[in-house]
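Below sits a lone chain in structure tokens, taken as the form predicted on its own.
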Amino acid sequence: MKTLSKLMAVSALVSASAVGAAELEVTHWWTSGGEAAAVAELAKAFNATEHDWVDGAIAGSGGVARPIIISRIIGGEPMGATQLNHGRQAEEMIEAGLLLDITDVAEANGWADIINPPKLLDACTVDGRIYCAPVNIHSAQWIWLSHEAFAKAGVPVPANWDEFTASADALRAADVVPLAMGQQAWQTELAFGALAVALLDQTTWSAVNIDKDAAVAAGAEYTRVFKAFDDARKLAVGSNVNDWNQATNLVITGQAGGQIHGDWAQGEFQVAGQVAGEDYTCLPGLGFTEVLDTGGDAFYFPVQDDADVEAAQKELAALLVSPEVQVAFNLKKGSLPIRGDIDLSSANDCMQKGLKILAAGNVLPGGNISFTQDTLNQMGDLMTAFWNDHSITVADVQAKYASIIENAD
């Protein structure tokens, strides 16, 4: 592995001059059991070079970690590398010259030819220059269903969202919470987005999420989404947990029927020793629409004064996209690889479903790519208020949502 990594570094870096060993502090928010197992694969690969990975895990969600990460970079205390999501989160730091241009790494390793879908590399590109290394594709449009819970309720495992909602009374009678949902705002926002993708055709979804058409957001198609979101908040009453992985654990242990959540939930099922198709079922597009958004994670590299550190940053960038690391990391993470040329035949049933959808090209851009953080924050505040205050009507929340879309940038 050490020899392989050194060869990759030579191919990745434009300069062939010798460099010294370096320590890189790498910040991220991967702290659940499945996430920790996945990030350990990245650290192992980097430590097999002459360099050292110094883990900078930040407890909490991305919403907690991102402000800390950005504050450190802007405040002159940059880490060696940091996780962020694909999209527009790093625009201002790039414009300020605070993030390393890794175009040379991307060109030397042919990223334009291997990263799939190409929009992931586009999301790392500003004014023709590349500033991040994509590592995975995460999709949010899944519902995870507990076979144990539905056995308790004496009803079949649902095949789609409508069947799931129809099973709620039987689940409640069996002392099972129908829908597991953590109390963090981003989880409820994710559920709304998943319902929108599942219940809308792509033309309607794109009109709002790409073209920012407020009239469509206020129309009958979106009313169906908000009614489903209203159902979801009622189904989640009694799900008294905070973190997403705690909600996943309710499904794993049969205390909840299902969870609308991203494909990273797979990592928790794997750590618990559960088998897809036997202990749990996963339904992309909530069983309706076999299409996934292509959000995910990427690593950025804050500018440093030390040439050895910069060389190590570029070696890590190349390593993250390498075939071996892509396989090892994504099998543990539950996410899809950003390379279309690697063998994932050993992936479980759920990942195979995602790979099939990806291969068919049935993908949409993630919301982080389409909207600024300010717009995303407004949407998040609105969805959180609706979820927690049952006096807010579907008509009220939809009207406010359409207003946000009308003024979105």
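Predicted model only: the values in this text are computed from it and were never measured. For every residue, the number given is its place in the sequence shown, counted from 1.
Another form exists, predicted in complex with a small molecule; not displayed. Remarks below refer to it.
By the criterion of a heavy atom within 4.5 Å, residue 41 is excluded from the residues contacting the small molecule in the predicted complex. Although the partner is absent here, residue 301 is not a contact residue: none of its heavy atoms lies within 4.5 angstroms of the small molecule in the predicted complex. Taking the partner from the other structure, the small molecule in the predicted complex has no heavy atom within 4.5 Å of any heavy atom of residue 233.
The small molecule in the predicted complex comes within 4.5 Å of no heavy atom belonging to residue 281. The stretch in contact with the small molecule in the predicted complex, judged by heavy atoms within 4.5 Å, is 289-297, chosen from 157-165, 305-313, 109-117, 289-297.
Checked against the small molecule in the predicted complex, the candidates 244, 150, 269, 205 yield a single residue with a heavy atom inside 4.5 Å, and that residue is 244. Site annotation in the predicted complex: the residue of 85, 239, 188, 249 reaching within 4.5 Å of the small molecule with a heavy atom is 85.
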